[in-house]
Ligand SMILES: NC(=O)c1ccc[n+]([C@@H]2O[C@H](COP(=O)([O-])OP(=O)(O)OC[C@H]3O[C@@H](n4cnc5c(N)ncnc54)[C@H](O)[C@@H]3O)[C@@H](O)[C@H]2O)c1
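Quick setup: one chain, the form predicted alone, written in structure tokens, and binding and motion questions come after.
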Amino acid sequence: MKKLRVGVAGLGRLGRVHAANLAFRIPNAELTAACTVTGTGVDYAKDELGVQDVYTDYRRMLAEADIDAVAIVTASADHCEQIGLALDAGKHVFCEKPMGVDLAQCKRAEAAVERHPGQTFMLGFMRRYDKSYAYAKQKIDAGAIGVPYLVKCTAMDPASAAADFIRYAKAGGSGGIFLDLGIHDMDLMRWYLGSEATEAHAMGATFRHPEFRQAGDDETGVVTYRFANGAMGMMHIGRIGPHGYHVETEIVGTEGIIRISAVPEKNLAQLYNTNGVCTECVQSFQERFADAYLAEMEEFVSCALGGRQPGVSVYDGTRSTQMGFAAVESWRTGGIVKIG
């Protein structure tokens, strides 16, 4: 069996998910190199993943490692430059969201992909590979709810991790809550409605952790979108989910409604006691979307080996990022922002 030799850049929380999938769970992939700037990342790559070819310099990994492809799971601000460097070095590229933290970066990434049409590029919008979200798309395409005209999204990180997100906000590499936490929902809106957003109106609030405001961000945000075909989108995002990690989506159509993950259940077990009937909730995005992360990386490897492009393109990254920037501008100004 031919295997795709992959180097991973970034071994943080999500980088370790992708690295482990490549190393142990995808038969036609081989994790042959890693790049990390932390000593714990170096130890993890060697001791847990069995990767001995470990770098602290991304350019050196591209130039020296025995790899066909790279999986970029670094800071958001570095993504677009690293995409271009890898494609120009002849590598296939998988990159985590968001693609960039400004539109100029995204356009440079588009140009790099266009320079190398024979190489596979994939952006990590993993919810499209979650079984429930993919099933909803199939039902919509089959006409099960008529014409979809409204998508309502909720995405909340667990309150128990607020300190981590405060540090992340202070570091300034996330692009803010709208780009960092909301980008998946922006992509889903486009995917389900089959249209592009034309305007955004956003607002934010911070009630529990003033450190978010001090870092120039908010702990909670709300955005409404209008789309070119007249459809609408509503999104609520937050950093202080009291019950855990919560992602919920509702698609409303002329003939029906689809709801996905109304209860972010950990499994199908329920506890009956003096508190009533209790369902445990998932506590992290890694837990909720473990299967989706595996499925999307399997698709990337298959595309790279088969010489084809995946369904998620570089342009999906740019257009969702445009929605994110419009939300940020509206949040800052308090007005409706047109999306060109």
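Throughout, we count residues from 1 along the sequence that is shown. Owing to the predicted nature of the structure, the values given are computational and were not obtained by experimental measurement.
Below, we refer to the form predicted together with the ligand, which is not included among the displayed structures.
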**Item:** Partner proximity in the predicted bound form: residue 239 to the ligand, non-hydrogen atom cutoff 4.5 Å
**Value:** no
**Asked** Might residue 20 be said to contact the ligand in the predicted bound form, defining contact as any heavy atom within 4.5 Å?
**Response** no
**Prompt:** Using 4.5 Å between non-hydrogen atoms, is residue 279 touching the ligand in the predicted bound form?
**Reply:** no
**Prompt:** Hey, in the predicted bound form, is residue 284 touching the ligand, heavy atoms inside 4.5 Å?
**Reply:** no
**Asked** Quick one: which of 141 to 149, 108 to 116, 221 to 229, 91 to 99 gets within 4.5 Å of the ligand in the predicted bound form, going by heavy atoms?
**Response** 91 to 99
**Asked** Any chance all of 187, 315 and 336 sit within 4.5 Å of the ligand in the predicted bound form, going by non-hydrogen atoms?
**Response** no
**Contact assignment for the ligand in the predicted bound form, among 234, 75, 260, 203, heavy atom within 4.5 Å** = 75
**Prompt:** Within 187 to 213, which residues come within 4.5 Å of the ligand in the predicted bound form, counting heavy atoms only?
**Reply:** none
